[in-house]
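Before any questions on how it binds or moves, here is one chain, the form predicted alone, in structure tokens.
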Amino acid sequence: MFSLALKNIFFYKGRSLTTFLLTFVSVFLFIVYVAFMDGAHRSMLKNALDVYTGSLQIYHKEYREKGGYDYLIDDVSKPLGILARTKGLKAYASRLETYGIASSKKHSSAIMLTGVDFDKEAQLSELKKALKKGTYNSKGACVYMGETLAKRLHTDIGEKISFVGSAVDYSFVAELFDVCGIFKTGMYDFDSQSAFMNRRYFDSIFLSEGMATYIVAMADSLGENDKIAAHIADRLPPQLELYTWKTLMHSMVELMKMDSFFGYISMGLFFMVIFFVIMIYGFINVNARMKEFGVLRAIGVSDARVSALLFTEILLLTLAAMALAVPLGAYVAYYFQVHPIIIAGMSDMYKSYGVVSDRVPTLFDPVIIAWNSALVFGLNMLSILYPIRYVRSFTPVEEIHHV
């Protein structure tokens, strides 16, 4: 049966070449398309988490719903101690956020001022790498602000801004700060309202020693993040609650799911076209070979063996195409993961979606590549079912006299 199937493949060259090329293109494009789509999503998520969010955060249970100083973490020593004993964390730190009005000589803007440990933030976030000019690790009455916020205030390095807000005991705070550093992450909302201050000086002004709005941590591997989060959550005091990036970045996660959904729909339509083209070519092929099948059945070849012959033909063509397409597609996925495509200006175009890099990497994942290849393989096998059913609808005599 194998030798006969191989002989038929080379005899019917047109049909065989068409099936081979369609299968090759389907497998190769599917692998590369999904690699770029998943790579873009992974890069977007990593950028957003690395910039500032981290992979998990710890809050007072009421804070995210009600906000305000009444629901701060009033003693960070215990949760920080738990994080210190947790394996798999790259870095962690506490932050305290306050809101107020910042003013330069002629302009004012709402501002989110955050007290941070700059040394820990250098390991945890991209704030240090985002430095555009000035000093990152500022001391005393210095602020490190976003570039868009600085433009709104028409201020620059070395100039002073005033800040009006309230301390954690709701007393009035009015201070003058020097602009010591300016950063740009590329995330518009973040750059347009955020400013940072050394935690020691911040605590002296806002009376926030030992307190935090939240504690942020970054896992070494996002794949282990849920496991690490469950371990930490079991050990936290009852008034604290842990959130993973899936909750913190819910809108982005939903956006990526929707993008993937429509991406797979597009590929699904493409595969449906390929499926029907291969099936039609299979039908034309068996229709032209009806006399051959009639003779085979007349001399005692069973219907099952005729079906097996057609299955073997499509199987050999599919395996041959996949043997070329899978390694080639996998190589392209791996190559562009190591050497991402750079599209100049892309980060400016999509900065509101968390894209802060012009690099477009792929995601090389052998499991995903195997599933994609298996899907195309399955569709090819299904494409021969109707031609087989068509052959079986005739008797051997009808097939011999078939025109």
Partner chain sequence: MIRLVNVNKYFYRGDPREVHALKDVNLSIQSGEFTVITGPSGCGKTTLLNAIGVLDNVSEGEIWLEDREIAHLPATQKTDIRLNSIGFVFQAYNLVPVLTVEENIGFIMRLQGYSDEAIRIRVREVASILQIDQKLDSLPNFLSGGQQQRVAVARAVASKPKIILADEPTANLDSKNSTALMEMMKELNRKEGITILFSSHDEYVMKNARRTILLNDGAVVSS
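This structure is a prediction, so every number in the text was calculated from the model and none was measured. Residue numbers count along the first chain shown, from 1.
Below: the form predicted together with the partner chain, not depicted.
Exercise: G81 in contact with the partner chain in the predicted bound form, heavy atom 4.5 Å
It does not: once the partner chain is placed as it appears in the predicted bound form, G81 has no heavy atom within 4.5 Å of it.
Any chance A298 has a heavy atom within 4.5 Å of the partner chain in the predicted bound form?
It does: once the partner chain is placed as it appears in the predicted bound form, A298 has a heavy atom within 4.5 Å of it.
How about K291: is it within 4.5 Å of the partner chain in the predicted bound form, going by heavy atoms?
Yes.
Does the 4.5 Å heavy atom contact test between K227 and the partner chain in the predicted bound form come out positive?
Answer no; every heavy atom of K227 is more than 4.5 Å from the partner chain in the predicted bound form.
Counting non-hydrogen atoms within 4.5 angstroms of the partner chain in the predicted bound form, say which of Q123, S221, S302, Q239 makes the cut.
Here the answer is residue option S302.
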